[in-house]
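Presented below, as structure tokens, is a lone chain in the form predicted on its own.
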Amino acid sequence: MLTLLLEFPTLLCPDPEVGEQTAGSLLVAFAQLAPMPKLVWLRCHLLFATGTLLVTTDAFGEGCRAARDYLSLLLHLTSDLNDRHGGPGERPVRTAACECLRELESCYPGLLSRRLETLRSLQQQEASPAHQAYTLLYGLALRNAVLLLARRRHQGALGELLSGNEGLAWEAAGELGALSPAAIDQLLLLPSPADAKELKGVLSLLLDGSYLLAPAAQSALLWQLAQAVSVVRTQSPAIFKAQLVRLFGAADVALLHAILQLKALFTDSLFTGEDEAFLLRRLVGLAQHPALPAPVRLFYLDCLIRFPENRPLGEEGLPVLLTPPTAAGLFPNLFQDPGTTLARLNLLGLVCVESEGAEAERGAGYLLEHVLALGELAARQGGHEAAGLFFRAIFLFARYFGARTQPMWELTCCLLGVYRRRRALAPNLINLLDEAHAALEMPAWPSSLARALQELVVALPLEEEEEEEELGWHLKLLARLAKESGIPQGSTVSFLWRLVGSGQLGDWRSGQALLRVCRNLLQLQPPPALAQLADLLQTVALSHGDVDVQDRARFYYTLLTSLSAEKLGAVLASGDCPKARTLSSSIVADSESFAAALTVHPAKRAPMQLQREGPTRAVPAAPRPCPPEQDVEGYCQGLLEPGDPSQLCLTYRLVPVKPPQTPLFSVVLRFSCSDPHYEPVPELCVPCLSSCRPPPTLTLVLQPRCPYPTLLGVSALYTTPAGLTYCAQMEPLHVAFPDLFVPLALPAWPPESQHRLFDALWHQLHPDGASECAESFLCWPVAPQPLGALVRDHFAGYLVAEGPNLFKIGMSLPPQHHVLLRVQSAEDSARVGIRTDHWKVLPHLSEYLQSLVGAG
């Protein structure tokens, strides 16, 4: 349960009230657990879960009792210094309490700013391994307090803040996330000399004892203290100098990251030029250290690219001190993993581009040789990993050296050789062309590569083609090259003619690939070799063995011979490019407009609603012959005997919501039942819905399986004048219990015979007669005179007989059930007797009858 509360607190406790109650329950459970070693894990997680609930549900605040109790408990647990009371077994709980306080201080900066003296005393006195948690807690509280004081300028003094022990700053709970990292650079604090001296003493003590902490904790503490020092302009960053001497010799990645953070924050006010050069050489050495794991080396390479210089020449770019001789040991080789190879290639490419001289030229040449060697490995069936590494390396090389003609021509020749030997790398070539066009500012090399690939493919002799798969790769590559407007496409059309004439396009797949090339050629402005392309399409339409390919080729031929170049490109455009003008539906059969017309689009809100009209009506049954008045028992049996299931008719009007300016066509209403008590409801259709016409009247036919109320979901499918089809959910329809009432089929008898008929029906529905029959009673607090008005208002159509202060009511419930009511007045109340042949409807009937009196 605690794990679920930690992972999904807002789902289990969606509002602050529930969060406060749950947190209070967890605190009660914590108080009931004895401090036993086997319960330490559970007690720690109770603390974590309580804090998570209070913070995530926004219940934390001074007005929340659970929050006050939680903070009191945490402060009480942290006051047990050096395991004096709980012993070593309680140390994990104390550490967890410190972590919870640190989390609260992170979420509500300044919450503990009035207890700095207490936290400082606890940090100095704690000598157990929990000292690290106390130090981190005090460091964070000190940092937040200084930053908040700097933001408030003249509100309080630094000395008073450091020695404060007043309580808790609950107002911080209303400033969630008030200290953003971007705002810290704008803060400024100018304390008095005495306050600055006291702050320096506090910082010195924390820094002197930081070597006792774990590397990650040291990094966090240094960053917190550095942020505090950065806003106190009278405090020199040289206070960290002694720590730098120690950290320069550390090998842990967290400590090196702390150095880089300090350098980015203080630059040349803390780091000299010698320090910067030493740190840069150390990063270069660590980035190639063989004993370090690959992820750590990649991190150091990334640090070199983003190295914070003392005086950078621009916002982007490598450090000035990182030259080709300095980074000579970082050149990639063939024995490294792909991630390291690409990272080094990226770094060395930047180094060689931003440097000048013979060393940079030699470095670029080495990188070119390395990429060519990767191409040789990819051409020798090196697998998907080798091929992917080769194409990524080419892309990186092209980003930096794409403007150099000679190396890029060598890469082009390498790519042509790779494709000759491995035709299956056509998708990689297509992706390289796309990415190079998007990334390079000067797309000269992608265009030259496309031209070379086209010359290679169209020059291949067809008789040497042995596998159909290789032909598919050629056509896929030609389809991409056909999009290049800067290269002539006449040779491509000639190659397609030779391919059709060779008879190698016999199946559907190869035919579709050829037509894909033709489609891309037709989209060029202007289309190349129109006469040859038209003859080619006509030949495919007449001679190809697949009917689908013939139809598509005939369609393209019709477009080519019927439309101008502008319209042809607009029709065949596969993206969201703007069209010059609206085309007829017969022309856009293969365009995005036609696809949109065939798609059902979701609508956020239905532009129509159903309004109830009139009472419920039953589907009329076959008329019964009127029997003689003496045959009361026979007619009673005929009423109660099973027959065809009856149906209900509910009448609605379909009205527009905020009448739209345009009409809606082919409106189809679909219904879904929320329970299995009804047969499927047939859909209703409206040809046109317009605010200029009277709202149509719709009859909803329901056939209940059981006489229970229900809720019908309604969805509307409609078409706009633009030809688009939409689907929207409408408000559900409530079928209440009185909607199921159907009058009994009574004969035209005198009142005395009607009384005898009701009494016979009442006797037939006696509970002893059948297992499904039931009898019930209820009382209406209604006087005799209002009782008659109440009965006639709600049961006028179901009244069988009437006497002095007596009303006999009967009704049918679809599909084949009945209800009888005997209402008799007695002084200031009325006694209602109920009999039915379906006892399960009694709860619904009683609720309805009581609601009539309550409404009155």
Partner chain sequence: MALRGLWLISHEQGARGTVLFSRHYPTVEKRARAFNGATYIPLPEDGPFLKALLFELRLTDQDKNFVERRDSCSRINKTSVYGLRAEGGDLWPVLAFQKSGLIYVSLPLVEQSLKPQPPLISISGISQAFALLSGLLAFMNSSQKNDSEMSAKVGQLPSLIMQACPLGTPLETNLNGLLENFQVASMNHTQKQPAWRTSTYKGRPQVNVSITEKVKSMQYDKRDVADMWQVYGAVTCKCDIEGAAPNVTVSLNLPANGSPLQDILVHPCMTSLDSAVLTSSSVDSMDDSAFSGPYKFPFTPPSDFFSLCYYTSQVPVPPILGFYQLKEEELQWKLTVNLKLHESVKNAFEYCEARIPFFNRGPITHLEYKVSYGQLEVSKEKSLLVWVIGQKFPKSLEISLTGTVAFGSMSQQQPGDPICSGSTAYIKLYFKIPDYTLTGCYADQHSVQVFSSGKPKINTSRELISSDYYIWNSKAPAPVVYRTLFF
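Note that the structure is a prediction, hence the values are computed from the model and not measured. Numbering follows the first chain given and starts at 1.
Note that the form predicted in complex with the partner chain isn't included here; everything after this is about it.
Asks: Should V55 be counted as a contact of the partner chain in the model of the complex, where contact means heavy atoms within 4.5 Å?
Replies: Within the cut-off, so yes.
Asks: Is there a heavy atom of F240 no more than 4.5 Å from a heavy atom of the partner chain in the model of the complex?
Replies: No.
Asks: Does any heavy atom of H85 come within 4.5 Å of a heavy atom of the partner chain in the model of the complex?
Replies: Although the partner chain is absent here, H85 would stay clear of it in the model of the complex, with no heavy atoms inside 4.5 Å.
Asks: Does S562 reach the partner chain in the model of the complex, with heavy atoms at most 4.5 Å apart?
Replies: Heavy-atom contact with the partner chain at 4.5 Å: absent for S562.
Asks: Which listed residue (L746, A444, A513, L342) meets the criterion of a heavy atom within 4.5 Å of the partner chain in the model of the complex?
Replies: Only one option qualifies, and that one is L342.
Asks: Under a 4.5 angstroms heavy atom criterion, identify the one residue in M408, V742, V540, L286 near the partner chain in the model of the complex.
Replies: Only one option qualifies, and that one is L286.
Asks: Which of these stretches, 520 to 528, 756 to 764, 275 to 283, 447 to 455, has heavy atoms within 4.5 Å of the partner chain in the model of the complex?
Replies: Going by heavy atoms within 4.5 Å, the stretch is 275 to 283.
Asks: Note that the partner chain is not shown here; using its position in the model of the complex, name the residues of 199 to 224 with a heavy atom within 4.5 Å of it, in sequence order.
Replies: Result: Y211, L212, L213, A214, P215, A216, A217, S219, A220, W223.
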